[in-house]
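One chain is shown next in structure tokens, namely the form predicted alone.
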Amino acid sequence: MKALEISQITFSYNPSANKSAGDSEYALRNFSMRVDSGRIHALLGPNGAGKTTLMRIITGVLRGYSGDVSILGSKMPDPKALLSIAYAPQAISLYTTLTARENLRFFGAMANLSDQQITERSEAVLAQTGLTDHAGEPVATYSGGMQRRLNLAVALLHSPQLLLLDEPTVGVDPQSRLNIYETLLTLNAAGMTILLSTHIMEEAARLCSSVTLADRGKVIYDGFMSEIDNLEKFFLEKTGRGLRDE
């Protein structure tokens, strides 16, 4: 079964763009990819490739696109499908004046979990991310790595079947990075499908069994990680060595 199917997605942030406009008008142009259930799948590309835009479309944040998105066999927008996914964005999405447990209680309520579910799942994700001993401390006192781990814990709170991650280890210390890697591998071994967007080639090669490489809103490679000898070299060959400061 396909956990995620993206078919011919075209999207522009310019409402006046039309199908005859040049590719530069589009964040995504005829973008198609599939993720098999039970995989950790890498979504790679330089700045401006359309990765974050795609994540926002999958989660229902962005509308106004053409093409189709299906999650676990349900065509979007489908409320039931949305309940089966979670998204940990690159920007830390936490309330820093609250403690970790208070953040989890707030986001659990937003996900319509019962008080008992919130309590049980909060303790589970705090343990998974190594934050139990600091759960009563304000997030403002957390290191960058601890905030990243809590960001992930929030996404895991409602036990999603498909987890979307946008740069989940950017700016973290080696110990937090290792914890996140181990957590993701454990979740995947238990059956969770993960779509990972990252600029860290070593991270993608270490965690992912399949990969989609995008550039300027288009798919330029879609296949298995085992087919690539050196991911960083492959990435640069496909996307070029020029700086992408957009």
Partner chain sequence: MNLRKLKELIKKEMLILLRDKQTILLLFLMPVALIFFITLALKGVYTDKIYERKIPLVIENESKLPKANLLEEKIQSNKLIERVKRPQGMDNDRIFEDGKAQALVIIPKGFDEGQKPVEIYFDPVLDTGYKIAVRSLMTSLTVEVVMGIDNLDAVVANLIVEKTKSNKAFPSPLQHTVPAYAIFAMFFIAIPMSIGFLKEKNDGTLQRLFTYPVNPNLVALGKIIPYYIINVVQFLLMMLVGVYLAPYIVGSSFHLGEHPWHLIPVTLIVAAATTGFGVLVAALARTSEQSSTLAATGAILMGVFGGIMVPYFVMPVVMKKLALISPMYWAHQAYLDVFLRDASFSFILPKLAVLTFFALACFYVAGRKVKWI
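In this text, all values refer to a predicted model and were calculated from it rather than measured experimentally. Positions refer to the first chain, counted from 1.
This protein has a second form, the form predicted in complex with its partner chain, left out of what is shown; the following refers to that one.
Against its partner chain in the predicted complex, the set Y181, S209 and I220 makes no contact: no member has a heavy atom within 4.5 Å.
A residue is said to contact a partner when one of its heavy atoms sits within 4.5 Å of a partner heavy atom; R177 fails this definition for its partner chain in the predicted complex, lying far away. Residue contact with its partner chain in the predicted complex: L113 places a heavy atom within 4.5 Å of it. Under a 4.5 angstroms non-hydrogen atom cutoff, its partner chain in the predicted complex has V61 among its neighbouring residues. Under a 4.5 angstroms non-hydrogen atom cutoff, its partner chain in the predicted complex has P79 among its neighbouring residues.
For the candidate set L72, A135, M146, I118, a heavy atom within 4.5 Å of its partner chain in the predicted complex is found for exactly one residue, namely I118. The contact with its partner chain in the predicted complex, taken as any heavy atom within 4.5 Å, belongs to A155 out of A155, L126, V172, L162. Residues of just one listed stretch (191-199, 209-217, 31-39, 53-61) have heavy atoms within 4.5 Å of its partner chain in the predicted complex: 53-61. With contact defined as any non-hydrogen atom lying within 4.5 angstroms of its partner chain in the predicted complex, the contacting residues in 73-95 are P79, L82, L83, Y87, A88, P89, A91, I92, S93, L94, Y95, given in sequence order.
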